[in-house]
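One chain follows as structure tokens, the form predicted alone.
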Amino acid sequence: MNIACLGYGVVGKGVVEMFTNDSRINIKHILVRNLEECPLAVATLDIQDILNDESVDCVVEMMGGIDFPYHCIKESLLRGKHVVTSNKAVMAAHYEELLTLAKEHHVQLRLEASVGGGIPWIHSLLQQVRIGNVYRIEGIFNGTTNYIFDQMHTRHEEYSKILKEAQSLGYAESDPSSDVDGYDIQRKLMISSSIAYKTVVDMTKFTLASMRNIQLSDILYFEKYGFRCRYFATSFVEDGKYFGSVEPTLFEQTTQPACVSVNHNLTILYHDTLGVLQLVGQGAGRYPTANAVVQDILDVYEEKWSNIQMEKELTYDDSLSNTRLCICTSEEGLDVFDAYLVRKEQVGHRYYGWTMDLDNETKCQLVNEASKKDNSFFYAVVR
């Protein structure tokens, strides 16, 4: 089978390397931004070389970004080429359109590497929705933020120092906003939820909270009460409605989420006959992500069709969620929650409060008000 690779970065190089001396797959083209990136003779600067080549069976998109990759994926599908992508941003933004195009043109659009890196998460979801209902998914979907929280707990060093270290290790971008503000996780939760619930969810409805304001004093405070903090994604369905959130979350130190270390991911699905399935592994990196891409390519080669369905219409409902919070803020910020607190205390310059159960609408209103009074405001859901 002839394939064309779009991108020759960390993942692209891993994919090319893994197909070295593999007679099943022939890499016909590699799209790059400049020819110095790739010494191979198949390198090209022009996407039209790939789109116009009728011998290319499958286009493998590994570039990142949204607009240009979206154009490449869409045009490939329109020309009857299978597509494998690791691009969660494109898939979250154009999920329904691109999957519909693939179906109309009788080709596959496979996206295993878009969520969970080397963890076979999408595969597991698709396996389970064939024989029953997945009614809840959750987990740690971002290795960068897990590394930051884990190292803050392990080494008791400030957020800014650990973030710089993550950037030097290649875990975090120079602009870490997508990770630390939750957008990367939001996209992954959208894709996962849509597959799990056989629908197209609206990720803009998800409750989203940044981790930027976490302080070492907060980490030490959580540990005092036996908790560790993780950036956690959750969605679930109930009676034709769904809810989703991406929020810092406190777990007791002996639980599975609290024990997920460094840059690993944890993905969990709840199934009406299987029960609970948890998968832990590398969520990013050259070889884990390249492995997921290669698995998709080989599934296309072996004509193993994935069957992502979008048959259900679900309504988003904020009222499905009730959560307790631990508030980390100034005295003015804590005062906003005063009527809802079951415990509060001051440690150094920071004020802490533990709330009763809050419905999501009330929670969001209080968080917004407190954030206006204190630009260092931080909260975590208590599990």
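This one's a predicted model, so the numbers in the text were calculated from it and none came from an experiment. Start at 1 with the first residue shown and count on from there.
Here the subject shifts to the form predicted in complex with a small molecule, a form of this protein not shown in this document.
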Counting only non-hydrogen atoms, the one stretch of 370-378, 7-15, 21-29, 357-365 within 4.5 angstroms of the small molecule in the predicted bound form is 7-15
The unique member of 62, 336, 326, 50 whose heavy atoms fall within 4.5 Å of the small molecule in the predicted bound form: 62
Among 289, 249, 267, 144, which has any heavy atom within 4.5 Å of the small molecule in the predicted bound form? 289
Answer with yes or no whether residue 285 is in contact with the small molecule in the predicted bound form, where contact means some heavy atom within 4.5 Å. yes
Just checking whether residue 234 would be counted as a contact of the small molecule in the predicted bound form - the rule being heavy atoms within 4.5 angstroms. no
Is the gap between residue 186 and the small molecule in the predicted bound form 4.5 Å or less for some heavy atom pair? no
Do residue 113 and the small molecule share at least one heavy atom pair within 4.5 Å in the predicted bound form? yes
